[in-house]
Each structure stands twice: as structure tokens, then as C-alpha cells.
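Below you will find one chain, with nothing else, as C-alpha cells; this is the form predicted on its own, and questions on how it binds or moves follow later.
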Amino acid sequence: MIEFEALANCASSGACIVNQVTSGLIIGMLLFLVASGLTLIFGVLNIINFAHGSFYMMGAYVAFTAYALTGNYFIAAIFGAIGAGLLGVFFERFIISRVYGQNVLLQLLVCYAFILIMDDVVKLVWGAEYLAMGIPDEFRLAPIRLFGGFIPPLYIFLIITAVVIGFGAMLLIAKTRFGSIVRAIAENPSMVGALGIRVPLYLALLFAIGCALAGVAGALAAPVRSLTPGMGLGILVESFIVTVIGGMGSIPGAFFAALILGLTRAVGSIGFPLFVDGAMFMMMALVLIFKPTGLLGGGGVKR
């Protein structure tokens, strides 16, 4: 099952180590962004947004269109995040808010229906064939050489940007007035509403931020991933694994879990290519058995 010789050959090659670590970091940090939005929504609304992958998909497609129109990758990424955020407001106000406090199965059915609808919307607007943005003009630069390996500048940008945005969202919740109100709503929404604060508005804004995180992850990934209807399903499953391992409601936990899973997938592609997904689910199962709250979890949005 484990190809020790392939692992040994990679470990003895600086180029292989650099390439695999870079690949793992890209996978992990994009997962971190998606899982951060997922855990923000759960931490306050206590809603497990099973439709979260659709916002990742929509962010990628909106960014693809924006890039085709403007030729600017940075503007395209911003539009991807905004598009996913606006769709998140619509989803929260007109769909998921109708099932707050309801049975989890009902929430799951509503989210699954939304996933199917959005997949068909993508097919109607962009078609069912695979699309590719390609490397943006801004990053068609010579790769950086490190220990015999080559790192494209786009990869460095993706990794750094994902970390900055993800932890920026954590600081927004932990250090701002908006975050204080959101945390108060998580504890006692009735009391916050009695103080004259428009709780539905803050819930919609929080949902928009969570969905925008997924959307910007899709937008950032568009140059290195193929775009296809249903692309959100795979990232949804992996982001749930990240959220469970890191701890529901914990953004730092999501970071460490995403890092572990990204490197596991990168190493596994060489050492155990037929068991990569199995290894990820095994880690999740072990965490659920020995620490059900996750590595850094404990309920609620972490300060």
C-alpha cells in the first residue's frame, strides 16, 4: 500500500521536496480559506452550511468571467469574492433563514437542493464543459529556484494571500466592534436584539463574509484548477474534514488542520496514491474518537 521507495527517492531530492511542500501548501491554504468561512457560519449561526462548496464554485466562475472582461487577475479575484458574498446574502435571507433551529436533516435537504440548482445555473450560464483561466499575465514570470526545485510566483502569491485573508477574518471577529456584536449574537441573540441591534442584518453580513471566503478561494484557485459544474462538492467534503479536525468554530484550528491535510495529500500522491482520501478520513475518525471537539475546538467562534 505504501510505496516506501518512492517516498525515499523524493526525500533524497531537494527538488521533489520543494515541489511537494509547495503543492501541499497551496492545497492546504485554499482549504483553509473555505473552511474558515464554514466555521465562521457554524460558530455564530450553528448552521452547518452543506452548500458552502457552491460559493467556492461561484467565486471561481465569476472570477473567470471578470478576468475575461478586464484581463486583471486581482480585480477578478475581488469580483469572485463579492459575487459569492452577495449570493450568500440571498441564500441566508431567503432560504436558510427559514430553517434556523429546525431539524438538521431539513437543513441538509435545503442545502442539497441549492447545490443542485447552482450546478444547473452554472451549466446554463457557462456551459457544462471544462473551462480554464490559465496563468494570469501578472504572474507569467520566471519561477523562483529553491534547493533544486522551482516555485512559480503565482503559487507564492496564493499561499500568502490565503493566509492573510483567513487570519484577517479571524481578527475581524476577535478585534472589531462587528466581531463583538457577532460573538454576542452567538451567545444570546434575543438580548442583543433587545438592545436595538439589527440581528438579521449582522447575520446576513456574517453569512456574506463566510461565503466570500469560499468565493475568494475559488477565485484564487481558478488559474490552477479546471472549472466545471459540481466542482464545489470535492472542496466541500475536504473543508468539512478540515473543520472537524481543527474544531468547529476555530479558525486557528482550521489553519492547522488544512496544513496537515494539504501536506498529507501532497505526500500521499507519491507514497500512497490509492489511499490519500482514506488517510484523510482516517485522521478525521481518530480526532472524533479521541478529541471530538477537534484539535483547537470547544464550541463557538474562537477569540
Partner chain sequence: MSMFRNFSKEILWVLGAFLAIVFVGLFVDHPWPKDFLTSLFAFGLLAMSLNLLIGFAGMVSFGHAAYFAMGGYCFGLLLQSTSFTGSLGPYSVPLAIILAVFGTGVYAAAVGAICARLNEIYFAFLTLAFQMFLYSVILSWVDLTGGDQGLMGGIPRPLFLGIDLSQALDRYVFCAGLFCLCILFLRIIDKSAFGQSLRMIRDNQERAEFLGVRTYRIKVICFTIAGMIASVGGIILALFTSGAYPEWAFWAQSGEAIFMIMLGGSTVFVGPILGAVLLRLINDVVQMYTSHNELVTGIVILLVVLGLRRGILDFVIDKIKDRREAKFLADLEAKKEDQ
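These numbers were taken from a predicted model, which means no experiment stands behind them. Residue numbers count along the first chain shown, from 1.
Here the subject shifts to the form predicted together with the partner chain, a form of this protein not shown in this document.
Among Ile160, Ile95, Ile75, Ile151, the residue placing a heavy atom within 4.5 Å of the partner chain in the model of the complex is Ile95. Exactly one listed residue, out of Phe272, Phe64, Phe240, Phe256, brings a non-hydrogen atom to within 4.5 Å of the partner chain in the model of the complex: Phe240.
Checking 110-118, 187-195, 202-210, 76-84 against the partner chain in the model of the complex, the stretch whose residues place heavy atoms within 4.5 Å of it is 110-118. Although the partner is absent here, Ile48 is a contact residue: one of its heavy atoms lies within 4.5 angstroms of the partner chain in the model of the complex. Among residues of the shown chain, Ser180 is not one whose heavy atoms approach the partner chain to within 4.5 Å in the model of the complex. Under a 4.5 angstroms non-hydrogen atom cutoff, the partner chain in the model of the complex has Leu236 among its neighbouring residues. Contact between Met284 and the partner chain in the model of the complex is found at the 4.5 Å heavy atom cutoff. Using a 4.5 Å cut-off to the partner chain in the model of the complex, each of Phe42, Leu105 and Leu124 places a heavy atom inside that distance. Taking the partner chain as positioned in the model of the complex, none of the residues of 62-79 brings a heavy atom within 4.5 Å of it.
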